[in-house]
Structures are given as C-alpha cells and as structure tokens.
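Have a look below at one chain only, the form predicted on its own, in structure tokens format.
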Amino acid sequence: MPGWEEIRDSVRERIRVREWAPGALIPGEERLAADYGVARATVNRAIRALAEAGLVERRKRAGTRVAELPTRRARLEIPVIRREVEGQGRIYAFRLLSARPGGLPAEVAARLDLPAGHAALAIETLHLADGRPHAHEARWLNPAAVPPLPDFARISVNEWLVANVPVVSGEVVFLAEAALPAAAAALAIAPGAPVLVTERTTAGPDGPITFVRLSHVPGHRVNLRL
C-alpha cells in the first residue's frame, strides 16, 4: 500500500506528463483513494503537499485543479544564530540584555494577531562572534504558547525556541533601514547607520509564539537556497 509521499510523487508525475493539463480538474479524493487503494486521509495529505508546493489549487466545493501558473516556493528554516556563527569558524557567545514582562504594544499585537496589552515577555539579546557584536535581537514572546521558560541567561531564546517549540506558520520580512537607538548602541555603530533587519513572526499549535526583530552588523549577508 503506497504512502502519501508515493501518491504525491505519482500525482506530480501525472501532472508533468499532462494527463491533467494546467487548469484541469483532477479526480476527487474518494476516486483517487480507490485508484491507489488507500484511505482518503492518505490522499488528502498528498494533495495538501502538492497544494503547498503550488502545483495544484484546492477550493471548497469546487475541487482541486492543476495550477495554470505553478508557483515556486522556498521553505526557510529558522536559523540558530550560534550555529550560524560557528559555521563561519568564529566563537559564539551571547548576552541577555533584558527580560521583562509587559503588555504587547499595539503594533506588535497586530503582527501576532493578539489583543493589545496581551501578557508577554520582552527579551533583548546581543549575539557575539569572536567577542564582537554580531546581531541585536529584540523579541516579544507569548508565554501562553510555549512550555515553561528556562533561564535565558544560560541559553539564548533563539536557540531554545528552535529546539523546543514547533512552528506551523509564520512570516519573514527583510528590511534595509537606519539602526534604531537600542540596536545601534548594542552593535556599537552610529545611530541611524544602515543595517539589515530581519523581522519574523511565528505561530505554533497553541497560538502565536513570538515576534522578533534582528538587526545585523553592517556587511552581514543572508544566503538562501531555493
């Protein structure tokens, strides 16, 4: 009995050879389940994977069609900054600058789809490479969506979250802008100096997890593989 990955690959091949042309309606899940001799849930998982890859378009009560203009999507992994630094052959360290409870500011609450004033933890961290500033991290964390918190003076919140909290959705935004005062002071650069900023919002099984703003030292590069 084939698994969902095999069904995904089979349907993809049938699309590739134009058994189902772009825009064509493919058979329903019940029909495909009968054809492959598997449960409907197995077919559903395979078709969902193809939809996530942009090869098909699923619409309620309208069926699943082959995408006329297939999209190409890249899956990004949330980087562990320690590994990033050590991968460059440098020595990693971090400093917890502050960690304080408070209500979410309105602009952050909107990004997390939570009410303004929602109980959260504001955490500020400086990441170091060979003892020099590497990145300034300003983060709001929703404690209601994560396990009991550790001592973030011993493990960076970045590394702890990647290791302990699954992510089901999120958004990443890259900005080129003038360094904000707190980031400039932590990175030992002039206020307003141009920096690369990464803003990331993530949500897990128990709701919104965190909004983080990473300001990188001048000259920082981001390499993405598609």
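The term rigid core refers to the maximal set of C-alpha atoms that superpose within 1.5 Å between the two forms. Here the structure is a predicted model, which is why all the values come from computation and not from measurement. All residue numbers refer to positions in the sequence shown, first residue = 1.
The following text describes the form predicted together with the DNA, which does not appear among the structures shown.
Asker: Even though the DNA is not shown here, does A62 get within 4.5 Å of it in the model of the complex, heavy atoms only?
Answerer: Output for A62 is yes: heavy atoms within 4.5 Å of the DNA.
Asker: Verify the contact flag for P181: yes if a non-hydrogen atom of it lies within 4.5 Å of a non-hydrogen atom of the DNA in the model of the complex, no if not.
Answerer: Judged by the heavy-atom cut-off of 4.5 Å, P181 is well away from the DNA in the model of the complex.
Asker: Determine whether any heavy atom of N44 comes within 4.5 Å of a heavy atom of the DNA in the model of the complex, and answer yes or no.
Answerer: Taking the distances in the model of the complex, the answer for N44 is yes, it comes within 4.5 Å of the DNA.
Asker: Counting only non-hydrogen atoms and a 4.5 angstroms cut-off, does L224 reach the DNA in the model of the complex?
Answerer: It does not: once the DNA is placed as it appears in the model of the complex, L224 has no heavy atom within 4.5 Å of it.
Asker: Residues in which of 191 to 199, 170 to 178, 153 to 161, 33 to 41 have heavy atoms within 4.5 Å of the DNA in the model of the complex?
Answerer: Checking each option against the 4.5 Å cut-off leaves 33 to 41.
Asker: For the spot marked by P79, E86 and R139, is every residue within 4.5 Å of the DNA in the model of the complex through some heavy atom?
Answerer: No: none of P79, E86 and R139 comes within 4.5 Å of the DNA in the model of the complex.
Asker: Can we say the CA of A39 moves by at least 2 Å between this form and the one not shown when the core is superposed?
Answerer: It does shift by 2 Å or more.
Asker: Superpose the two forms on their rigid core, then report whether the C-alpha of V197 is displaced by 2 angstroms or more between this form and the one not shown.
Answerer: Shift of 2 Å or more: no.
Asker: Is A51 one of the residues whose C-alpha moves 2 Å or more between this form and the one not shown after the core fit?
Answerer: Yes, the C-alpha moves 2 Å or more.
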